[in-house]
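We give structure tokens for two forms of one protein chain below, kept apart as structure 1 and structure 2.
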Structure 1
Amino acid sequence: MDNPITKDMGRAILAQELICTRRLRFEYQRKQRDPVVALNGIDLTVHAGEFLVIIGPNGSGKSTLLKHFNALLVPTSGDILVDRLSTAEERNHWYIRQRCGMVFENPDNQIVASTVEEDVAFGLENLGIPAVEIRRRVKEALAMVGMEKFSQHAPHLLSGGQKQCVAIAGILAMRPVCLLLDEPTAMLDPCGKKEVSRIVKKINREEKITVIWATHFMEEAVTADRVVVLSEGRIAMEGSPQEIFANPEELHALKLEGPPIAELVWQLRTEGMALPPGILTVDELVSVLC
């Protein structure tokens, strides 16, 4: 029965579908008032190693959905399996949260320690990792986000962007199987935004870490394997970045916009300029133009 080969095959299958939701519905309950329906019938499969970006207008359910992926919220109805385990069972939660780590929308909600170094180490200490290894990983993670100088500082006294960098370092040090990133770069300067995109992309490629990234910056969606668009708690569109950003009119109707270059190219095409479809970045447009 416990044949190592079938066990291994089991792992391979398991690796395919990391997260799977079926008719997931979530309602926030309220005192003496109707509940808020935040998610309304989400069917979504996230594959292991995938880079998935979630976009959608304010209040469309992005944060609520991400919180289901590490069992901070459980469905009102419907199902969700994370690594084949149901979040409905509380005894699975610890395991699921080790697999899927989250950077929250507001970094202040994530600060747990009184120095930056301890804050980044916090998740690791809970995993029973040896102290030397913890120190190495914390140092490496802080260097990646350019915060080594601040290791002894108090995290709640940092600038807005610095707090966000610390939250990102925390998850980089943990290296869970899946990164859940809720607008992780909202307060970073343009170079910092690019750098975080680059780092996350790199560990996604090289370490096959699954990434699920909610954002309002469409530039961060252009290198995704897949983009999911939420609207009023439902999946309104789904496809490659090229497919999603091909026709901004559909996005505009959902209160969204494509990346600036995609919007420009679409306008130029409607005015008769012969540009190929699927151009999303400055680099791509420059190489087509000259």
Structure 2
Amino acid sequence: MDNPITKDMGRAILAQELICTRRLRFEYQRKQRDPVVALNGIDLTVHAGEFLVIIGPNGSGKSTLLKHFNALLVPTSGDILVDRLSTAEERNHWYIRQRCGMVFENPDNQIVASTVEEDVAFGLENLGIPAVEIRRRVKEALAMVGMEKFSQHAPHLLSGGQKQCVAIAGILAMRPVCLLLDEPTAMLDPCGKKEVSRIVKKINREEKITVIWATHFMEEAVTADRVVVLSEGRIAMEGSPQEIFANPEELHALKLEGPPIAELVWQLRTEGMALPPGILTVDELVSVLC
């Protein structure tokens, strides 16, 4: 799909390795107390155009890892390269944060303007983009998330899912190559969760924007290209959704449960029913049973 917002994304979108971490370790420093190790020996490569989901229990390091991907945090030791630039060098931070835009858990904390249009334009104004270009980018970004009809609405009157879509549009307007989503549906109702998930998957599929999604909702990982499971700051498992959720015993040992259908299939198999592994959706299960 040839969309102006992704037409000129520079060399990063052409690179196989968009983000690369090696032996990443990060410690939160505390006054007069021992530091807390949040990440310990993370080796991970994220490829351009990939839909990567990071799962893990609370405190496993998901949010901390995402903040390293756009240089909000820098490693205590080890290396992170984003588009072949080290996050350890402060001179690279401005560029890295434009390339990897981050959307946080609570959409209300990301709204800064009195109308949707002004909110999406906020980041562009800080970049010094000309007014004509700002209007064009805002219109395109709102269309990408299906919010063009709400451009003159007050953000506080929108639903939680719509607010999160506006936050995503604000990042898209700055033309990133990667969306970092930190628990983006945690504050939303089921309808909002479904809508945000649909929009993000559409952006990844049609605009070829890399997506890194951190969540503790297992069903959000079902359609990912790859799943990484964090536990106590380390990568405990890594693979396709079918590979990860075919090992419920290993997930349970990490205090996690797979998606409902995967758990149901596992229980049926333990009761002697001959079902193949890797079934993750209702339609797949119905097809096999029929």
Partner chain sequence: MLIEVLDLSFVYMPGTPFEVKALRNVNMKIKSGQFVGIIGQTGSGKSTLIQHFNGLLQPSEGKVLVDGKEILRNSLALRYLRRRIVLLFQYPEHQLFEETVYEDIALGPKNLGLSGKEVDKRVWDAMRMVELDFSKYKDRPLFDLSGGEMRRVAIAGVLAMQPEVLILDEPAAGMDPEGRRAILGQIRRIHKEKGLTLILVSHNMDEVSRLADSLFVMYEGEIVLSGSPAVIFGGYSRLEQYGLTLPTMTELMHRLKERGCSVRTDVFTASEVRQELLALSRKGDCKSV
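Remember, it's a predicted structure, so these values are computed and weren't measured experimentally. We call the rigid core whatever largest set of C-alpha positions still superposes within 1.5 Å between the two forms. Residue numbering: structure 1 sequence, from 1.
Structure 2 derives from the form predicted alone, whereas structure 1 comes from the other one. Within the set M102, L142, F245, G56, the hinge between the two rigid parts that rotate between structure 1 and structure 2 is located at M102. Between-form comparison between structure 1 and structure 2 treats the chain as two rigid units and finds the smaller unit turned 23° relative to the larger, from C-alpha superpositions. Overlaying the rigid core between structure 1 and structure 2 leaves the Cα of R175 displaced by 4.3 angstrom. The rigid core superposition between structure 1 and structure 2 gives a CA shift for L157 of 8.0 Å.
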